[in-house]
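The chain that follows stands alone, in the form predicted alone, written as structure tokens.
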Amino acid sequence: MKLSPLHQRHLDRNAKMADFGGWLMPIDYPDTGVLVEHAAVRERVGIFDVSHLGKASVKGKGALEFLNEQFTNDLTRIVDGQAQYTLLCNSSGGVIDDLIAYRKSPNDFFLIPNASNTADVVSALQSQAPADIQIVNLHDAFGVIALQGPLAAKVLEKFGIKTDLDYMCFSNVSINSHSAILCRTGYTGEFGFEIVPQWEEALQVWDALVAVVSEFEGAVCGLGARDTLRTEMGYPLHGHELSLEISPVQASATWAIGWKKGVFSGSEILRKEREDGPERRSQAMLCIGRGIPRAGMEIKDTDGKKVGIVTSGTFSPTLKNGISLGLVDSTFAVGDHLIIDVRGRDCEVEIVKLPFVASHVR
């Protein structure tokens, strides 16, 4: 198990720890718990250690053109100082990973992939890169701290930081004399930031931020709340809504594909699947009866025929109801009713539009 640079702080708070992509990370904290931590982010502010997320750099002349031939989204649609959500697919259209690409310049990009996929992303890019482009795995060089919630800007303003960044934009800042990248991103659906300090300075940055978060009656949050928050938004999680077997077209992530640009990894297969229509598609489902769906549970039509599988499911602390995402036969659409087999008991659900709760990222 790899350890975050903030690991000792989680032990100090007696966090419940678990494996996340090979990293021992906090699920929640005994003084608060997932429900309280979730509510803090929706109502005030919460701070998360997400240092398990990967980091990598791509540098060299032609880096923009090279990455645009690898990633699904179109990096020419953003300018220096902006970040973009994108996907790296294999030649069959399967998703190696979804990630955030930070454009520092046309010849310098910083990537944040998922923890367990970082080595695969770096390896896939290195196998295709020309000699003058250097790709380096920086997983252990930086920490990542997520500051999320309607009061997130006020926390940073205590350090004299300007917080008027547009969504998906980033800048270099200083927190108590420690440099970091500040980006208007997050995975909760709330207004917020992700802060990327040097690994050896992450602890000091964390301590400074936590002290101010407490002044605003915020919470230190574990990855359990991060998951309930992201599921309420319908944000995909690799290994659940996206995988080598689940394409972006099936995952309803076509908005992250630059269809008008040229060839990119998996583009031929993805364009054909889009034209033909996928046999299955990711759908959001709200429980009508009592029940908490979980990943892997069977989805049936009202006649009892299997028509899909749950990819993510949880209890929504905001809605006080069970919610889920699932791969369902494409014949079903918003408004249709289905059945999820919740441990041998039928739970009726309705297909609904995402997000389950209103987004406030902007």
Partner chain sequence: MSHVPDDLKYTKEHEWIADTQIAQRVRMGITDFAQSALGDIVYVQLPNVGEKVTAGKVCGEVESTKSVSEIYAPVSGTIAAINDSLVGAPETLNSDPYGQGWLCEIVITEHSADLLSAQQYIEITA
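This is a predicted model, so every value here is computed, not measured. Positions refer to the first chain, counted from 1.
A second form of this protein, the form predicted together with its partner chain, is not displayed here; the remarks below concern that form.
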Exercise. Applying a 4.5 Å heavy atom distance criterion, does residue 35 contact its partner chain in the model of the complex?
Worked result: yes
Exercise. Quick one: does residue 345 come within 4.5 Å of its partner chain in the model of the complex, counting heavy atoms only?
Worked result: yes
Exercise. Just to confirm, residue 228 within 4.5 Å of its partner chain in the model of the complex by heavy atoms?
Worked result: yes
Exercise. Does residue 314 reach its partner chain in the model of the complex, with heavy atoms at most 4.5 Å apart?
Worked result: yes
Seminar exercise, completed: Here the chain appears without its partner; judged in the model of the complex, the stretch of 291-299, 41-49, 58-66, 329-337 with heavy atoms within 4.5 Å of its partner chain is 291-299
